[in-house]
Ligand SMILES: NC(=O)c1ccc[n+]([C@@H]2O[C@H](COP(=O)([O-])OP(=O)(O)OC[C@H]3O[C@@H](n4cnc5c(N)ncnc54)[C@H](OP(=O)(O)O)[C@@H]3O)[C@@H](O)[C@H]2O)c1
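Only one chain comes next, encoded as structure tokens, the form predicted alone.
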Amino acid sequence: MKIAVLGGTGNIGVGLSMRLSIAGYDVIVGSRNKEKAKEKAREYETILKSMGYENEIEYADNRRASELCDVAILAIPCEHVFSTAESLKDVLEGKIVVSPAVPMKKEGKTFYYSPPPEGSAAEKIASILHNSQVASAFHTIPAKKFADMKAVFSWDVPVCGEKSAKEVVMEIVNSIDGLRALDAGPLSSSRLVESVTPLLINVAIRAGMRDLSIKFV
């Protein structure tokens, strides 16, 4: 299976690109800038080589990566994710698309969930990509720790969507060491899962903690 990590040069895309490669997937690092994608793909290969892996990671601009992939993960900042989805909807038609996007706003020192009228970022993306199979996952993964290939963790990842797409995404999540996928319901449940992210940030700020995620016990 070929997975395009669109926005794979930053945020959660760093950890996803390397960890999915280790899990055995063919990974394409996507970016608005092809040269930046190439630079980061080579950087990821160097890190993996230092760990004993000889994996090759492809690179392309976001449009070409979307054309080549079976599954696309929109690892793109929320302020740009909807316009990116709109620009790629023709090449993402019929494909599984994963949204980790969380719309938030900040007032003072507090972060608040700020969903679009559709109810959640994932639902808005689905309204744009109406000919794709949209699922949501990875909202509560702390990007910095996830990108640290020496980090050890045990986190749960709620996955939302319709059955066929959700099953594929859960398999992808479970392939990454330290992650456990849990079925969180239909795509409309994304509004519940997305809202957990600002909660984690607020708790971390007030408790002086870092890299918070979730685990169901």
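None of the values given here were measured: they were computed from a predicted structure. A residue's number is simply how far along the shown sequence it sits, counting from 1.
The same protein also exists as the form predicted in complex with this ligand; that form is not shown, yet it is the one meant from here on.
J.: Which single stretch, out of 154 to 162, 26 to 34, 168 to 176, 45 to 53, brings residue heavy atoms within 4.5 Å of this ligand in the predicted complex?
T.: This holds for exactly one stretch, 26 to 34.
J.: Looking at this ligand in the predicted complex, do all three of Ser66, Val71 and Gly94 come within 4.5 Å of it through at least one heavy atom?
T.: Judged in the predicted complex, none of Ser66, Val71 and Gly94 sits within 4.5 Å of this ligand.
J.: Residue-level question: is Ser132 within 4.5 Å of this ligand in the predicted complex, judged on heavy atoms?
T.: Residue-level check for Ser132: no, no contact with this ligand.
J.: With the partner left out of view, is Ile141 within 4.5 angstroms of this ligand in the predicted complex by any non-hydrogen atom?
T.: Yes - in the predicted complex, heavy atoms of Ile141 and this ligand come within 4.5 Å of each other.
J.: Given that the partner is absent here, does Ile12 sit within 4.5 Å of this ligand in the predicted complex, heavy atoms only?
T.: Ile12: yes, in contact with this ligand in the predicted complex.
J.: Taking 4.5 angstroms as the cut-off for heavy atoms, does Lys109 touch this ligand in the predicted complex?
T.: Although this ligand is absent here, Lys109 would stay clear of it in the predicted complex, with no heavy atoms inside 4.5 Å.
J.: Counting only non-hydrogen atoms and a 4.5 Å cut-off, give the residues of 97 to 111 close to this ligand in the predicted complex.
T.: If the 4.5 Å heavy-atom criterion is applied to this ligand in the predicted complex, 97 to 111 yields Pro100, Ala101, Val102.
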